[in-house]
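Only one chain is shown below, in structure tokens, and it's the form predicted alone.
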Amino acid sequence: MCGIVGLLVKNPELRDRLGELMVPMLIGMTDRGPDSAGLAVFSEPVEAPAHKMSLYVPPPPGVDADASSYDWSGMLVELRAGVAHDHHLSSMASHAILTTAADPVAVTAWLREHAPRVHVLSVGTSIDLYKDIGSPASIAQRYSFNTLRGTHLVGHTRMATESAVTPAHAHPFTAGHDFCLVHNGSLSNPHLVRRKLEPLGIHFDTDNDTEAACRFFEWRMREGDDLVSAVHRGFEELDGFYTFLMGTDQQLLIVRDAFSCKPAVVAETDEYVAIASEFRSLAHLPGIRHASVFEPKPQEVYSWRV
């Protein structure tokens, strides 16, 4: 059992309040996911040729995540010497956002060799991603989620059922650029999906079933599908129970499996679209009494654009 939340603000005046409005949504899903939590937030893109890379360093064994420290400044000095491009970095506890004019593939390769403790969580021009183990409230406080600004976000609280409780296994999962996915449910055939994708050169970072779905959809988009078409292909390839919530730089999308075993509620007003596993995470939102509230139908794709 896990909790999902999503929020897309239609009114530009609400973009500065995106995190403030979201935090009660995420904390409201604590009972559904006390093990770990995370979110991906999409904001104005950086100017080409720059990219943003969300980075994470697990704290050493026995060190509390709130007390964890990593020499991000030292890493940045070494990166500037090793990859001759313009790099800027902002850090907070175990996470950092690197903005770089270099090819993200080259930066990732450099990190793998010279800073192996650093994990790349996401790459894109609009996405920033945070995830960690612990209660949703502690993670929201650790990374100041209430200050986040942007157009839309995707969040998740996890109760592990099929793989380890680690930051790597926490959601959202990402693949490619500016794409993320969170999942409530369980897939019965993730190993078959992996066997199909790995010979194509697609690398997996975990044994989590959700990663198989994330990489499948991103692969289909690289093959030319739009996200909605990729999801329809998923009906044929992904077996199990699921509510998937996905985000791109321009889009928020939710879909449930044919049995709709896993709950989801959508509330839409002229100001925003809000999604959660349970209505209690939406009850605080402004204008919720006048929202159009509904449960997504089985195998029907619901999508909203920025």
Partner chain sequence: MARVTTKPASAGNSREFDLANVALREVNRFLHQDAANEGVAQVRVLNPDGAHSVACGLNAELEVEVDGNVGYYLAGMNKLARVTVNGNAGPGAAENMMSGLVRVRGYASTGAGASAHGGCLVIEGDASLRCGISLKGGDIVVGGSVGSFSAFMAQAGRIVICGDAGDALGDSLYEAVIYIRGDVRSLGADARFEPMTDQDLAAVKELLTTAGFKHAPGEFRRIASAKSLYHWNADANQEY
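On a predicted model such as this, the values are computed, not experimentally measured, just so you know. Residue numbers count along the first chain shown, from 1.
Form predicted in complex with its partner chain: not shown, discussed below.
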Margin query: To test your reading of this chain, name the stretch in 261-269, 36-44, 51-59, 247-255 whose heavy atoms come within 4.5 Å of its partner chain in the predicted bound form.
Written below: 261-269
Check: Can you check whether residue 237 is within 4.5 Å of its partner chain in the predicted bound form, heavy atom basis?
Finding: no
Margin query: Whether residue 12 contacts its partner chain in the predicted bound form should be assessed with a 4.5 Å heavy atom distance threshold; does it?
Written below: no
Next item on the list: Using the partner position in the predicted bound form, report whether residue 289 sits within 4.5 Å of its partner chain, counting heavy atoms only.
Entry: yes
Notebook entry, point to check: At the 4.5 Å heavy atom threshold, is residue 295 in contact with its partner chain in the predicted bound form?
Noted result: yes
Margin query: Where, within 265-281, is there a heavy atom within 4.5 Å of its partner chain in the predicted bound form? Residue list please.
Written below: 265, 278, 279, 280
